[in-house]
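First comes one chain, alone, set out as structure tokens in the form predicted alone.
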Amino acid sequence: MKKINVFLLITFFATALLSAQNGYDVGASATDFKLENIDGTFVSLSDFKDAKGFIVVFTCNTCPYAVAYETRIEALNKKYASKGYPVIAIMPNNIEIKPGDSLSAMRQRAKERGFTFPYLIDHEQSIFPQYGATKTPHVYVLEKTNDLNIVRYIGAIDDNYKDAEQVNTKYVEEAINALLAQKQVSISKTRAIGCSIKI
């Protein structure tokens, strides 16, 4: 019995390590974080007691793809925050490489664009690797289940970064609508389109 327990323990930690190296897959449990918001406070997922889940978006000020999606990210928050799925935006870039993504620049951008969601900075660049994010924007839809944040969707916001009017499939909206209806997410993973995260 002891040998089996040790084997299971080793397997568990090996799986956890592999997950940490490669990022989360659909069905994985995402760990919480505590990151600085543009207002100087620190935000964690656990702060949102009444949330049913989250739309975690890795984004920034300087990537044209991220800028093209700003209005749509804000629209997601306005549509789904009241239904229990708020947007939590995280800026993952190295600000020495991208000074336009500094906290002060983020604060200014949020003010100009009227962001109503938390806009956090990954100072240590430790959170985006846990998730496996590689682009801006890169989206993770999480569902709160028994106090765990389970990944239900990973990828792009929709299928047309160039023109919101020409979108055929709204991946994030479809995922959240399915979760709200207690149904399985039909498209759970897509390829994120955007700029590479600057390390």
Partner chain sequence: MKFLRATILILLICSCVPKQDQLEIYDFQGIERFLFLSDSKTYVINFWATWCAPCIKELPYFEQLQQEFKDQVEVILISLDFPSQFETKLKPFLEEKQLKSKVIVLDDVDMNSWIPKIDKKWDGAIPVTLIYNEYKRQFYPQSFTYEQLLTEVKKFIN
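All values reported here derive from a predicted model rather than from experimental measurement. Numbering follows the first chain given and starts at 1.
There is another form of this protein, the form predicted together with its partner chain, and it is not shown here; the text below is about that form.
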{"query": "Contact residue in the model of the complex, from Y131, Y171, F54, F58 (heavy atom within 4.5 Å of its partner chain)", "finding": "Y171"}
{"query": "One residue of D39, D159, D47, D32 in contact with its partner chain, assessed in the model of the complex (non-hydrogen atom, 4.5 angstroms)", "finding": "D159"}
{"query": "Segment that reaches its partner chain in the model of the complex - one of 39-47, 62-70, 144-152, 24-32, heavy atoms within 4.5 Å", "finding": "62-70"}
{"query": "Partner contacts in the model of the complex for 182-199 (non-hydrogen atom within 4.5 angstroms of its partner chain)", "finding": "K189, T190, R191, A192, I193, G194, C195, S196, K198"}
